[in-house]
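A single chain, nothing else alongside it, follows as structure tokens in the form predicted on its own.
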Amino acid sequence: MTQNIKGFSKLSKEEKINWITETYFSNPLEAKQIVTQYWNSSENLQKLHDEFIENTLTNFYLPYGVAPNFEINGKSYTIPMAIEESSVVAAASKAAKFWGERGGFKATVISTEKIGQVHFLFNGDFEKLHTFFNQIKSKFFADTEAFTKNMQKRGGGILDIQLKDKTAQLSNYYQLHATFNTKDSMGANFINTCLEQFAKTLENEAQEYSGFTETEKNIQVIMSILSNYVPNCIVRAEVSCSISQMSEDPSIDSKEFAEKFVNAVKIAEIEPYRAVTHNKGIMNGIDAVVLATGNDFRAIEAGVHAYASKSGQYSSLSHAKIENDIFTFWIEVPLALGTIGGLTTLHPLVKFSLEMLGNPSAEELMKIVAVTGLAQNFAAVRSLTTTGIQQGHMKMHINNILNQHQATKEEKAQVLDYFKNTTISHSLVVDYLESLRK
């Protein structure tokens, strides 16, 4: 039986589901029930979700939780988080409470510059190309006025355009390297529209330029696209307190804990194997808020991890120090976010999230997201350097294990009580559950 199909996108949703379930599943009826049970009961809301992407069959749900008690620059927030991983929301909430009692989080947007490039080949003299570029540079701005007018009214627009010679890396390869400020929108569509016009202007003006030979006139544009690497769209979040305040547990010495914490972060700064997992914990917090607010977490991930490698070696995004008995923990991270456009006006839960956050500007959202990443990182490193990561994580994960093994309400109560003060592992939970059933 062939599994290829022509014209799949033209089928109705029901026809798509029928083909999928009948082609790939031994029990098509059961498979169809799995798909349809996740449909929204509101026909209009389901239609809205169906139109977000192509070839939709159903909705894929993630838990949507909140982490309260975040004090950021003197303002209180309850932060929305969409994530499937146990213990993330609880850890963020715990860190928020800890630092809320010690002055809260401070956050500052350092810069908001975004980047786009026109990649092209030019077979000729660079000095001639450079002279040509300087002569037509103003034309790039003029030819995009129709697109930039509204953005300029909001204080954004094209900041600069540079010609870059990349022929040392690839023969005949050059770039138009443009910088933008897109204010409260993430700006991908705006930037790409401008870049495509730059490409047309470049090609058209080259054909008319008398300083080029016929060969040089034929500039070949390879592509025009924004970059998700935004090393000049940076936000800093930090916390600090006296080292005497670092421990809430009488059995843990505050000074010793603070020093151990700093060394744990320094290890992540110099050891890439540790840094990847360290930064993954940061992204647990960042991605969850980015997703809940309708932003592109894949773009954020790509840009953040490139930034973590900017020195030539992958390293920690967060840093810690002790000076004059003051512990300071901070992060500087690139975040190109938007609070208008995209899903922000379409997805009901995204609108809910943004309203819960006080309808923040893009810069305010940058601060909130960075703080959540820092809180998550603090919670993880604190666990690692004190009780160990598994104790808290497995306490949160135990319900997943019980649900996986279809534990009854009574069985869950007995298991949770038994493991209240006992080491938890998947196999130990399963063994104890099976002993109850015997």
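As the structure is a prediction and not an experimental result, all values here were calculated from the model. Numbers follow the displayed sequence, beginning with 1.
This protein has a second form, the form predicted together with a small molecule, left out of what is shown; the following refers to that one.
Peer 1: Looking at 142 to 150, 271 to 279, 347 to 355, 326 to 334, which one sits within 4.5 Å of the small molecule in the predicted complex if you count heavy atoms only?
Peer 2: In the other structure, the partner sits against 271 to 279.
Peer 1: Exactly one of S185, N284, N181, N228 has a non-hydrogen atom within 4.5 Å of the small molecule in the predicted complex; which residue is it?
Peer 2: Only one option qualifies, and that one is N284.
Peer 1: Just to be sure I understand the contacts: of D165, E248, E85, D253, which is the one whose heavy atoms reach within 4.5 angstroms of the small molecule in the predicted complex?
Peer 2: So the residue touching the small molecule in the predicted complex, by this definition, is E85.
Peer 1: Contact with the small molecule in the predicted complex for A375, defined as at least one heavy atom pair within 4.5 Å: yes or no?
Peer 2: Outside the cut-off, so no.
Peer 1: Though only this chain appears here, would L384 touch the small molecule in the predicted complex if you measure heavy atom gaps against 4.5 Å?
Peer 2: The answer is yes: L384 has a heavy atom within 4.5 Å of the small molecule.
Peer 1: Is there a heavy atom of A67 lying 4.5 Å or less from a heavy atom of the small molecule in the predicted complex?
Peer 2: So A67 does not count as contacting the small molecule.
Peer 1: Might V369 be said to contact the small molecule in the predicted complex, defining contact as any heavy atom within 4.5 Å?
Peer 2: Outside the cut-off, so no.
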